[in-house]
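Next up is one chain by itself, shown in structure tokens, the form predicted alone.
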Amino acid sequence: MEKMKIYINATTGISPQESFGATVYPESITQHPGNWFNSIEPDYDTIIDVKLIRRMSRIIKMGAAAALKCLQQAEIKMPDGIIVGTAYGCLQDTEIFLQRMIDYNEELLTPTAFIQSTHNTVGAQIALLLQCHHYNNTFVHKGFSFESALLDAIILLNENEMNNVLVGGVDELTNSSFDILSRFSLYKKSLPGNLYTSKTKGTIAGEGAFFFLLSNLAAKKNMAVLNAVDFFYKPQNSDIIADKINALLSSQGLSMNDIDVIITGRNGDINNDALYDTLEQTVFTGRTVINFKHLCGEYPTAGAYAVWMAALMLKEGKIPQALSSQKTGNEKIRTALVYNHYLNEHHSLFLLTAC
């Protein structure tokens, strides 16, 4: 059976940039001091019932608002399925529950924090808000969480099980999670003047919640085509990655010469970025390469930000003005390849083309 085209009908998200409800990439970059990028949250009252907001933790509000806004943009009231990818789940509620266990000596505990601490809470809350009784799934696969959610949606759409699927990637940052991850030297002590030229260890902490309405139906309002997704664990060297990239392109009848822009997951860590340096000198030679983690920070589902950015670029047919200081060309953008890795363990590829 021939695979169908998978269209990105609509997408939006909440991130350290002005991304919520944006139909074009923001004209200016929001600068954040320090080594921690918090999301710019919208006025939730405009999209979620105020009576429900007070019972939601921060990540639930972010995920629910992004999902509902995505559906509004797609002009679809009820998706055929809801799929979420998250590595950390609802950290804030988890911390509250664990702290209460200590404070109350494991007695007289209210169940709310525990119920809302589970990883599938975001997807469940979206379904409750929509009264959606359709397929609902959450993937918790570390740096492959968002990618696994996308793959699940693609399979369902290709098999004609559904016509549209709401897919998201969400992760939040809290004081405790930042402190714990800092012990592993994941983050820089302070934000350097230029993240990509600092040549030091560590990166910038980030977070975000992005949702996509994927469909197997062609329509004028579709933003881009999601041609292929691939992910692989701990490749031994850059040659294996190059082979994966070429195989992905070949499966779509393309070569590297057909790619107009490459979006990489550079994050400013000298060890993390060494692999991107090698690829730019080999398989990416001569292509337009831009980065995205100076905009959203590093977190396991950051690939969702890159796919959102690529979809907006392909819809507009150009590289955002906010990234004009990077290596860019003036040609119309028709194809975009996203290559990202998390901790040099979880490697992901996304191929998108214009409609």
Partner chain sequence: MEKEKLLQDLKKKIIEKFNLKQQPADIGDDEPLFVEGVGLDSIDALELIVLLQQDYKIKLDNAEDGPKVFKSVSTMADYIIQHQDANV
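Positions refer to the first chain, counted from 1. All values derive from a computational prediction rather than experimental measurement.
Just so you know, the form predicted in complex with the partner chain exists too; it's not on screen, but the next bit is about it.
Trainee: For the three residues 50, 55 and 110, verify that every one has a non-hydrogen atom within 4.5 Å of the partner chain in the predicted bound form; reply yes or no.
Mentor: Yes, because 50, 55 and 110 each have a heavy atom that approaches the partner chain to within 4.5 Å in the predicted bound form.
Trainee: In terms of non-hydrogen atoms within 4.5 angstroms, which of the given stretches 42-50, 29-37, 284-292, 307-315 touches the partner chain in the predicted bound form?
Mentor: It is the stretch 42-50.
Trainee: Check whether residue 115 has any heavy atom within 4.5 Å of a heavy atom of the partner chain in the predicted bound form, and answer yes or no.
Mentor: Heavy-atom contact with the partner chain at 4.5 Å: present for residue 115.
Trainee: When the contact criterion is heavy atoms within 4.5 Å, does residue 104 count as touching the partner chain in the predicted bound form?
Mentor: Taking the distances in the predicted bound form, the answer for residue 104 is yes, it comes within 4.5 Å of the partner chain.
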